[in-house]
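First come two forms of one protein chain, each written alone as structure tokens, so that there is a structure 1 and a structure 2.
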Structure 1
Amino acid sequence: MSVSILGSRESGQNIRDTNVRAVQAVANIVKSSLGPNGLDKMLVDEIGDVVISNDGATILRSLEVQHPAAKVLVELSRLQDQEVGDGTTSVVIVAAELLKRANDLVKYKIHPTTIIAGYRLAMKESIQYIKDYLSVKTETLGKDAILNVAKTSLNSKLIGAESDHFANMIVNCVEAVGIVGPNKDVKYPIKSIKVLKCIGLSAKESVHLNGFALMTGRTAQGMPTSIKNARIACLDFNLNKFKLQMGIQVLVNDAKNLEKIRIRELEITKERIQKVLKAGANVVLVTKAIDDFALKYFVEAGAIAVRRVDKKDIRKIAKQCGAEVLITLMNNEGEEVFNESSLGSAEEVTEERLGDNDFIFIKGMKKSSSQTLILRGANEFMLDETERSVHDAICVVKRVLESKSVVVGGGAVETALSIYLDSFARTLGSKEQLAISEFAESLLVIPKTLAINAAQDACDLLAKMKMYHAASQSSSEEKKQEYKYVGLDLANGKVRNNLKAGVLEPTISKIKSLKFATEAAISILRIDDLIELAPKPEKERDGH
């Protein structure tokens, strides 16, 4: 007896082939954007908004992916972006290659469970090998290693030509926001780094400021442009003409009293402002509006007032300068008061003009050091891509500073792992040997793609790299041990010692991308049935 299903069902080898095709299609979209010679993608949505990028996570996020297996890869790149910030393209390419080779093994009558066990074992061995033999501690390399990590991340981006300028700014930024934790370990909260975009000039004119910047100006020209020893008040309410709340009625018997009511409404706002100024505030940040009549009180007091500050920004400023964000001046007794303890402090608050925009800079805040990067560029598309590139580099530098460990880039790690796993597979006497050999071959897709994108002979370069890495793993000579750092020199179409050349990546980036790619490939490989339910038919209306 068979059970009928309202919908369609695809199972066995058919669904595996379909999944592999869908995953390969997604990987092929981002494949040509890998590496320093990678190309950009232009994505146009249904309303005509344009995104130009070579960041894997951004490209895949902008796509309307329908296939469920392909969605796993999109989620995978998002996870890599969230966890590490870089390596989003390579993680997708490796996952697609692992799945393709696993599917070939299934066709040779090897059970998916055996392949999954082999892949898990290969992943575990790879991670251990990276930690034991391929990672290098940054203490032995000095500060240049941190700069080189930032440059390596930036070289594959739009601003690769200006990587020296941006790498210095980014490393200085991240180091400045370091906070020593209770266990003497230093954390780098990158939320303390604000990135602003300002159209005009070239990317090289981008600046790094030691302080917090708001892309807004003073509310009145009569206010000072600079205040030393600033006392900052953060208010999350209107400084408009006072209005009674909804639902409250005022019955007026005499028309003469109307004018008194209007005057009292203005006086209430005036009293609130004076309470804040009397407490010693000389910089007032408000998330909502400030009426024009109220500005004269700030001008007379020689204070700076800024209206419509973003709520996220005002919370950050309050946290870093020691202020309190107030949603009302009302105390428990029902009186309106403003205490001096609610004020924060900063060394200086200034207004400066960059391009066509005014900026408020808050420098030297009491609680923590805040940093700002102001990016310049010819147009909006360029600025958006520069912001994404800078974000990736900031994340990478944070990871290296916290973990103090790097690996060599340019396909060196993948080739070394491939050679090691190939030898490791031969020590096993079970069917997992085949899965581990395929895992080893899959890793070579990264150096292969890097070479192809740089218009170089991939087979020739890969053969040379394999030779060097095999020599480093089979010999105990000190000179040959250095061969484990041999990677691609794509500019000259050669292989070289990438540790000396300064092509470095965070160890955690390689480890996470291996973990995520393997888990994604396994989760798709486990699928052997796709049941798609048909939508329920709508009841026909009888026309009444």
Structure 2
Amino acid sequence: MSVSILGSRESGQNIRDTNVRAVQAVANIVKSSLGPNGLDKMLVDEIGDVVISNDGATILRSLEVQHPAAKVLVELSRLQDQEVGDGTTSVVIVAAELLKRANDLVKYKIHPTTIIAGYRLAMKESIQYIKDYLSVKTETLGKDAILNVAKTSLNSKLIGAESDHFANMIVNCVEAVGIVGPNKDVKYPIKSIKVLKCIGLSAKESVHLNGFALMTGRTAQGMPTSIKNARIACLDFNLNKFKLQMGIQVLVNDAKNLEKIRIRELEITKERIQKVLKAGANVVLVTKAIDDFALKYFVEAGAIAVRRVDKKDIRKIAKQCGAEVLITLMNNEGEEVFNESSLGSAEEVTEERLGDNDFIFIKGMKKSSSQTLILRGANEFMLDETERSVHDAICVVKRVLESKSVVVGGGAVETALSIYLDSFARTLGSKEQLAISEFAESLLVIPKTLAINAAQDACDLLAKMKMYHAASQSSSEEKKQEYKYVGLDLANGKVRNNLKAGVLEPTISKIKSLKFATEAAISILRIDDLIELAPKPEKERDGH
């Protein structure tokens, strides 16, 4: 009799079966959303809020998965979302398949560690193979390649019908934010792309703006709606009546002085504003409040003042228009001054009305690398989903522009790897051989699912693809080399050269998703015991 535990315990083959089933269930949920013919899920929470999504990470995050092993998978898709931004569905499907096949091997009495070793080896080999043979440099493909990458990512989403429009927008947008780093490599900080949502019109009317947009109106109606040659001041302090810190009390002996204090309070803010305006500022952005009494000075000076600008936004604006975000006007001598050098400049600042909201646009900034996408759509759910899809595409484009290498999509890479690993496995004489061939077989789940989602004959298509890839790997003929780009054409239910058809994905996304999926499968595979502790009994007993 073993030491008893407070709680339940499951071990050995039992727990492995349970885990595999849980993981399988999660994968089944997202399976139907994979690929250009994947469908969406509608998730309703208890208040009745609706999320409509095609993004694996979003779906799983909203689902409140309870099983611990299944949670690993949810984490996995979140990780993929953070690291790559796209491919969140496929990573889950591959991991689940790897696990299922590993479990079958364990049933044949192969020790899990052997399988793990085999999987690790297979993963390393496949990554090497992708890098050496399957990836294509974007230089050889031209600008269209990058557009195609964006389109491939968008095609599986709600806005797939407008993928041309969005792909163009996104590629222009990401290219515009490029910054040349110290080592001459170009970085694309996608944080400089601001995505705003505005209900109304249709998805096709979404626009790309070279500049920055704020989703607020100007503070007073008397201010102009448009200013050319704007000089921008960014202030990070209150323009309210001056107020001493909490806890400071002023003791007044003479009643006349009381009035003076009051007037002084107003004067301090007024002086500050006038200093800023005097330096030539005609657009003033403030992160905090502006008192009503202060607005008059801006109106009279014909300046636009915007209050409660998000701190993150103001920093970005300041960086790009060359302004300084001032926390105080104090200088070293203790006097309050506002230098002209703290002002930034932009060609134009305007307020425009889209739908029912006011937007402030800052266009033509000095170091302009900031881009704004304004998404339009029929309703909120649609806009949310559009935003997620656009985010995925932006991430993908960024990856491709930075790594400059792509692989062919539509199941081509997976099939090629599967064929390669299969033959690689035969060169090994140990038990790992079995694990590697199972790994090879697991990868095929991607083309299979793609075909099933498109309601095509998966077996037939897979056989054709395998044939082409085997031919390309076994012979060195020029013509047959082309066959390694053969992937699925889901609309017509055929196979085709997907490199020519422009179905492309970033190499790094494929590599990372392989890595993550294998690691996740391994970590679940290693489990052979699940101990669930019962919650501690309540200390307070009801009185009997």
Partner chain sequence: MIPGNSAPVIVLNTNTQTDDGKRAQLANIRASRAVADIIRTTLGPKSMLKMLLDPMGGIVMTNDGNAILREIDVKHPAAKSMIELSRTQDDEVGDGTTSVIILAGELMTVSEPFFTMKIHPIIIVSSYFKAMDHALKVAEKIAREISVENHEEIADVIHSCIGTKFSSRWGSLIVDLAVQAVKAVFINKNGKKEVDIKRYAKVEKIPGGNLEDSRVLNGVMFNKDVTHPKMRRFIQNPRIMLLDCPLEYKKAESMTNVEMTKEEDFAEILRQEEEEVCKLCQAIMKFNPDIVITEKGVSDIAQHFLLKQNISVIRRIRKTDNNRIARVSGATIVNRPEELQESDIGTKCKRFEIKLVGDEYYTFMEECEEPKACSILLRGGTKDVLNEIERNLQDAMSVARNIILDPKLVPGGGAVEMHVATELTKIANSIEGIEQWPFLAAATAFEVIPRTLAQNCGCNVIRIVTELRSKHAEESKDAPYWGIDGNEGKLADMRVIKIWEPLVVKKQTFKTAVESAAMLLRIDNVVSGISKKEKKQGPAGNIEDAEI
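Numbers given to residues start at 1 and step along the sequence of structure 1. Here the structure is a predicted model, which is why all the values come from computation and not from measurement. So that the term is clear: the rigid core is the largest set of C-alpha atoms that superpose within 1.5 Å between two forms.
S.K.: Can you tell me whether structure 1 or structure 2 is the form predicted together with the partner chain?
M.R.: Number 2 is right.
S.K.: If the two forms are fitted on the core, does D291 show a Cα displacement reaching 2 angstroms between structure 1 and structure 2?
M.R.: Yes; D291 is a residue whose C-alpha shifts (by 2 Å or more) between structure 1 and structure 2 when the cores are overlaid.
S.K.: Once everything's superposed on the core, is R262 shifted 2 Å or more at the Cα between structure 1 and structure 2?
M.R.: Result for R262: yes, a 2 Å-plus shift.
S.K.: Would you tell me if D164 moves between structure 1 and structure 2 by 2 Å or more at its C-alpha, with the rigid core held superposed?
M.R.: No, its C-alpha moves less than 2 Å.
S.K.: By how many angstrom does N332 shift at its CA between structure 1 and structure 2 when the core is held fixed?
M.R.: Taking the core as reference, the C-alpha of N332 is shifted 5.9 Å.
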